[in-house]
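First, one chain by itself in structure tokens, the form predicted on its own.
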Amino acid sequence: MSRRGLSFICQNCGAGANRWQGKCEACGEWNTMVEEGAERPPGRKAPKGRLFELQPLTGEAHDAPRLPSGIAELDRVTGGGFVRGSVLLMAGDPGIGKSTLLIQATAALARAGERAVYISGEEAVAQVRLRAERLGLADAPVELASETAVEDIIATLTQGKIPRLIVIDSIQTMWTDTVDSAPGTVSQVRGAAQMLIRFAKRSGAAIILVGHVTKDGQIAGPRVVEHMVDAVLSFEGEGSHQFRILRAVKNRFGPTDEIGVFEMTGAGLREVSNPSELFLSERDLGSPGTAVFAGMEGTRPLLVEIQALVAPTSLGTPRRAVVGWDTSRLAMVIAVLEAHCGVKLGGYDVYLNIAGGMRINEPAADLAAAAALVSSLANSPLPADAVYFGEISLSGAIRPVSHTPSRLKESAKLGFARAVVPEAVRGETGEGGLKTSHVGSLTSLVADIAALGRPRQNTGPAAKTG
């Protein structure tokens, strides 16, 4: 009798090894290798494949290609609604509101006459009902279940009319008999996800898999699951802020980096149709070190406030702290300011924050960040009615960015009167009489801000601004 094959699987990245080792060679994590049974014992022959029918590319679609969820911000992120047979993976920190958003989505679909099923592997049916009652959704005809066996779930869902939307909360709690390992392991997550994806493609039902995240913000389980699904949605936010951002990291049927903004209230998640007003609602006008950045998130223009604080330090190595932006990007902007603009920041601590808990990824925020830094250092408040956007090159030149008309249009809509933009976009004007100031190099912008500076009450190391 042949011995059942065993392998060691990293629970962080899913890499395999034929022997145990303290450190995973693929991801570098310690004590993550766990012994799991092979999915098929050695010596057993693979089952013979079955014949299937090949379909022509040309054909007529009888059903609507997308199913609107009834939540406009969710539809924006998914690209207009749920595609039939698609599988989405939604991940986020514990308590961020994933289950709340999905129970609201299933309730909206059920009230519209569609069959929606919510299956929880973490909570009992009574607990899900309590949440629905708190959100005012107890009258929605959503079908609930508390089950973790994938084979039983699929067998039940195939009875009667196929649901249009199925929520699995969460994929880490699901298990299948085809994999000989404990629930929650990499092999079980991969096997359960594969069976659910196969069911979605054959039945045409849209499935949303809820995923947990690790302490560093990565989706828990094997990375191959992210490649298997059609879309990966990241639900972001902080406990100190009431704002929640749903971001499309991957989407085969729509744009990536699209965001939807929600506000957490006592009655659940509320859509924010104009997030720019929300992020700018508590601006501290007239204070040095604040600049408004006109950014783009997917196809949506978004205005956020960038806050900078440059303070004298007594440490040998000054501190650089960033919240909501790339630390390496800040280091590059500081280097350009020192090398080409004569701004000496070696004796100062530098703090940069994106107000409202937003996270900015595009390089167009370079100009606004540099303006906020110089404003704080020179104690020179920036105009309250101005917005900034542009990419800074290593030579100190201001490079153009895309979607300039959309950025200017959104700025004019929110009442801003001027915009500081790259020289290369001259001729692209906004609406509503928005005045544009074109800058070709960072040196000229620094000189204009420093000229309006005022002396500080308590001065540290001498600041030199060219």
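Worth saying up front: this structure is predicted, and the values here are computed from it rather than measured. A residue's number is simply how far along the shown sequence it sits, counting from 1.
Not pictured, yet referred to below: the form predicted in complex with a small molecule.
- Just one of Ser120, Ser99, Thr176, Thr290 comes within 4.5 Å of the small molecule in the predicted complex, counting any heavy atom, and that one is Ser99.
- Checking Gly286, Gly95, Pro141, Gly204 for any heavy atom within 4.5 Å of the small molecule in the predicted complex turns up a single hit: Gly95.
- Across the proposed site, His340, Ala386 and Ser437 without exception lack any heavy atom within 4.5 Å of the small molecule in the predicted complex.
- Here the chain stands alone, but in the predicted complex its contact with the small molecule, taken as any heavy atom within 4.5 Å, falls in 263-271 among 192-200, 226-234, 73-81, 263-271.
- Residue contact with the small molecule in the predicted complex: Arg131 places a heavy atom within 4.5 Å of it.
- Taking non-hydrogen atoms only, Leu278 never approaches the small molecule to within 4.5 angstroms in the predicted complex.
- Under a 4.5 angstroms non-hydrogen atom cutoff, the small molecule in the predicted complex lacks Leu345 among its neighbouring residues.
- The small molecule in the predicted complex is approached by Leu135, whose closest heavy atom lies within 4.5 angstroms of it.
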